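Next comes just one chain, in structure tokens: the form predicted alone.
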């Protein structure tokens, strides 16, 4: 069987092309969003968080999966402290809620998102990674939450998402002591789904995105939107919601065709890769 050559990535046009703090490219059903502040280690300022929000609300129509990465030597070093300004409590709450809205558009957006991690994945960078659905880490990736040493607290959803990945005790340790985890620890502790060597992350992330893009859209929606909510429900509520979601997913025309293909021997069986 001949394997199709992957399409090359090309810059998108229109609104997404105007986002100067991001590089947005597309190849078929996969969109690649690259943080583009390498001189600042891709630290997140107000402009970058707004552009991320805009990008995820306006993905190209053909997009079925997204890869997020960072330009230069680091994924993201978190909040750009050089632009940190004094705010009254109301303004600070609104600032945090702006981050929440941007990261909600990733976690509960249109399509699954894979984060490719290298270098610093620190503070808000770890919060961004935690909002993605799958995380691929290269050898150089390291994870930190320096807010405790900066006199601040996580404000981009980290207190909700990160403990669900690594546990509350480990997050507490990181914030109180400044402890930094390397890529192998990140994998052991549940932050990292896939570990790869130096320079191999983007290829792995794109391969995963291409595989995910072939899934039925309703199934992807169920995994992204229903599964994390079911986990937070009581068992009885979760089981009822699961029944509703299973019924919706399995009765789409695409699902019916996929089931027929399997029964007729036109679809592959589950094998260990």
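All values reported here derive from a predicted model rather than from experimental measurement. Numbering follows the first chain given and starts at 1.
What comes next is about the form predicted in complex with a small molecule, which does not appear here.
A.B. asks: Which residue among 40, 32, 64, 204 has a heavy atom within 4.5 angstroms of the small molecule in the model of the complex?
C.D. replies: Going through each option in turn, the one that passes is 40.
A.B. asks: Contact with the small molecule in the model of the complex for residue 181, defined as at least one heavy atom pair within 4.5 Å: yes or no?
C.D. replies: Output for residue 181 is no: heavy atoms all beyond 4.5 Å of the small molecule.
A.B. asks: Does the 4.5 Å heavy atom contact test between residue 177 and the small molecule in the model of the complex come out positive?
C.D. replies: The answer is no: residue 177 has no heavy atom within 4.5 Å of the small molecule.
A.B. asks: I'd like to know whether residue 168 contacts the small molecule in the model of the complex, with contact meaning heavy atoms within 4.5 angstroms.
C.D. replies: Outside the cut-off, so no.
A.B. asks: Should residue 81 be counted as a contact of the small molecule in the model of the complex, where contact means heavy atoms within 4.5 Å?
C.D. replies: Flag for residue 81 set to yes.
A.B. asks: To test your reading of this chain, name the stretch in 109-117, 195-203, 154-162, 181-189 whose heavy atoms come within 4.5 Å of the small molecule in the model of the complex.
C.D. replies: Contact-bearing stretch, as computed: 154-162.
A.B. asks: Within 4.5 Å of the small molecule in the model of the complex, do we find a heavy atom from each of 99, 122 and 150?
C.D. replies: Yes.
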